[in-house]
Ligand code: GLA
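Only one chain is included here, represented as structure tokens and corresponding to the form predicted on its own.
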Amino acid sequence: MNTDQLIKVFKAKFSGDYAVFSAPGRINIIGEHTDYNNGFVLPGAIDKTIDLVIKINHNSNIINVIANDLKEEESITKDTTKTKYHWTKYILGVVCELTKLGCNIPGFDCVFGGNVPVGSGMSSSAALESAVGLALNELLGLKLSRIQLAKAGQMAEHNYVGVRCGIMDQFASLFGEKGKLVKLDCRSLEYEMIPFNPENYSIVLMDTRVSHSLASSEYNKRRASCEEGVGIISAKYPEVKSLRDVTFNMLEEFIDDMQIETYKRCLYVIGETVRMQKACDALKTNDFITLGNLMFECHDGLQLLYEVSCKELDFLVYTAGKFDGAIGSRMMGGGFGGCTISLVETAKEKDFIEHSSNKFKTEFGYLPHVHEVKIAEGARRII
């Protein structure tokens, strides 16, 4: 992201010294919809960021924000109950969650923008939350840990945006490292950095350009189904606190006690937990073929059991499966649109993009957008 334009806009609107913070979006190799089930995930920060130019205004409780890419601006306070723009809720939510931690957050002026594609499953919202949280933490000397900042971002989504997300997106944005994935235990928040150096393979993100407008409401429904399943199982097995505690055999005991929809949701999550561990084991031995097969299996589960895919995503994954040189592919993110993530032989990457794009255009009448990403470092101050 070129911060020069953001600084120029800031100087034209506000006065005084400023600081610049940057927080990345993320991809997730495998472990989809497992974070809010207290399972494991395997995300990585990417080289696409939301950047924030900010100055604390100690003389006011007014928060002035400019969304440069959208050419929109809004002024709010911590007591604002209804915002003019949806994006303002992410900033307001972080401020209010930090206030709940006992932090005194004065007014501030800021301009933000970036190149994390919105609606593509790379979590531009978490990048914005992480940038705001990190900036306020450092500039105000709040001395909060990055885990506390990640939780604040997650709770901003819950309480102010209305999406009961897990903590993966914010955690990846704040803890990411170049060339490494984060194996995160979403219950304990213990994590391990897993080297990701696919020398002969490339990550290809193909954006269906279908807005995942259903994702928020359907996301909450999926979470409710998982919680319903846990409630049924824990009546007999009180040690079960989440689906990560449930085995296939255990689930089968309750197949007649659950709605078929609840059973399918639970079956997917339990399977994804197993795939996640296999994927980490494969990465530690650079077994990318096994990793790719697990990605295809993941998509089958997301499509048929969790039912969060769409025809455009399914088509791209199917096309990848027929292409010699694509060793893995699946939908990425909340679902109902956004991107597929594919693992492709680097020597055949251009051919894969051309082949998949042309097939997609023939089927749907337009080209998907291709995003080139690399695993990069997490949120940081840059000026």
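Heads up: residue numbers just count along the shown sequence, starting at 1. Values in this document were obtained by computation on a predicted structure and should not be read as measured data.
A second form of this protein, the form predicted together with the ligand, is not displayed here; the remarks below concern that form.
**Report entry** Of 210, 95, 76, 165, the one that lies within 4.5 Å of the ligand in the model of the complex (heavy atoms)
**Finding:** The option sitting close enough to the partner is 165.
Requested in this report: Could you work out which of 328, 43, 39, 333 is the residue within 4.5 angstroms of the ligand in the model of the complex, going by heavy atoms?
Outcome: Going through each option in turn, the one that passes is 333.
Query raised in the report: Is there any non-hydrogen atom of residue 51 lying within 4.5 Å of the ligand in the model of the complex?
Result: Output for residue 51 is no: heavy atoms all beyond 4.5 Å of the ligand.
Query raised in the report: Within a 4.5 Å heavy atom cut-off, is residue 219 in contact with the ligand in the model of the complex?
Result: Heavy-atom contact with the ligand at 4.5 Å: present for residue 219.
Query raised in the report: Does residue 35 reach the ligand in the model of the complex if we count a contact as any heavy atom within 4.5 Å?
Result: Yes, residue 35 is a contact residue.
Report task. Would you mind picking out the stretch of 278-286, 144-152, 166-174, 192-200 that comes within 4.5 angstroms of the ligand in the model of the complex, counting non-hydrogen atoms? Result -> Result for this chain: 166-174.
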